[in-house]
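Encoded as structure tokens, the following chain is the form predicted alone, with no partner shown.
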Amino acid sequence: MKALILAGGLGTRLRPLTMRMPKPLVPLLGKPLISHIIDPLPAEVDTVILAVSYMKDALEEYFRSHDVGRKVILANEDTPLGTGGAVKNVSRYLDDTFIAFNGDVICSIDLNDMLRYHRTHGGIGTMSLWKVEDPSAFGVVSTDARGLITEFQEKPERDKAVSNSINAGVYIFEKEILEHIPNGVVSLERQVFPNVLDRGLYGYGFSGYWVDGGTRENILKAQRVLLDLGGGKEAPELIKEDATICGSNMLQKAHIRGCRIGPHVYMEDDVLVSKGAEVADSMLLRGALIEEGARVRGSIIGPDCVVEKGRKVINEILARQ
């Protein structure tokens, strides 16, 4: 079985961090975003296809040096093709039922259960659904009592939404879906899904957590969720000198002295946090230096970046370009 991950974006909402690393390799609690999609795949998935266009060389190098337990194929898009065009572009690899993901999705979906649901209902596809209070920023879905999708709305006004269930960006498709995707730049959401409702497109709701990880705010939100679910730990090599650590954090082989850390901090190897500094709800990547008295909150500090003495970094991304 194949799994397709649509990872062709440029990561513009995460710049300048993504000037030097592709978005799929941005870390989330010790492993790249892409691994949070690959690792939970059902055992029967033996091949992962990544539809990419930006920094393909970096992704190839990563998968050469990291065994993810499955064959990985990187399929290049010379120009952005949209979600539907990206699926069509890799159709030569898709020979049966396949799973597809928007590359930003970080969620708790049980893919084995979703696969059972899809096979039981027998339609052309199954779409993951997530309930939100305000659906106006999303693609909204209405279903009948059987779970069959009956209507789509793209970013409706809040009081005109047909439901509060949104497209959560994880799908299971039969190969037949490819026959309904024209060539060129195509949107699954706008140009394909509304035209295949008569073929049986079902909705699969799930609970737990769901985050669109394409922004600083949402990556840090996912970090908070996972830490609060028990993802926090301190490496044995962590050097603590009169430091105060609050809440749940993941701290690697770093050096913290006379500072306050947490809650919800991820810190990679070779980070130094100096006396009087405070770091909370943030990500400090390898080699970052937080000088005396600095304050970091709601921010991502890129590799080898320095937050100077007394500086406040609030809700920012600092990274070398």
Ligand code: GDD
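Every value quoted in this text rests on a predicted model; they were computed, and no experiment measured them. Numbers follow the displayed sequence, beginning with 1.
The same protein has a further form, the form predicted in complex with the named molecule, not shown here; the description that follows concerns it.
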item: Listed residue that, although the named molecule is not shown, lies within 4.5 Å of it in the model of the complex (heavy atoms), from E154, E241, D78, D134; value: E154
item: Listed residue that, although the named molecule is not shown, lies within 4.5 Å of it in the model of the complex (heavy atoms), from L41, A51, C259, L33; value: A51
item: All of H121, E174 and Y204 within 4.5 Å of the named molecule in the model of the complex, heavy atom check; value: no
item: G125, heavy atom within 4.5 angstroms of the named molecule in the model of the complex; value: no
item: Partner contact for T143 in the model of the complex: the named molecule, 4.5 angstroms, heavy atom; value: no
item: Touches the named molecule in the model of the complex: M250 (any heavy atom, 4.5 Å); value: no
item: Contact flag, G232 vs the named molecule in the model of the complex, heavy atom cut 4.5 Å; value: no
item: The named molecule in the model of the complex: contacting segment from 146 to 154, 241 to 249, 175 to 183, 219 to 227, heavy atom within 4.5 Å; value: 146 to 154
item: Any residue of 73 to 106 that, in the model of the complex, places a heavy atom within 4.5 Å of the named molecule; value: E77, P80, L81, G82, T83, A86, N102, G103, D104, V105
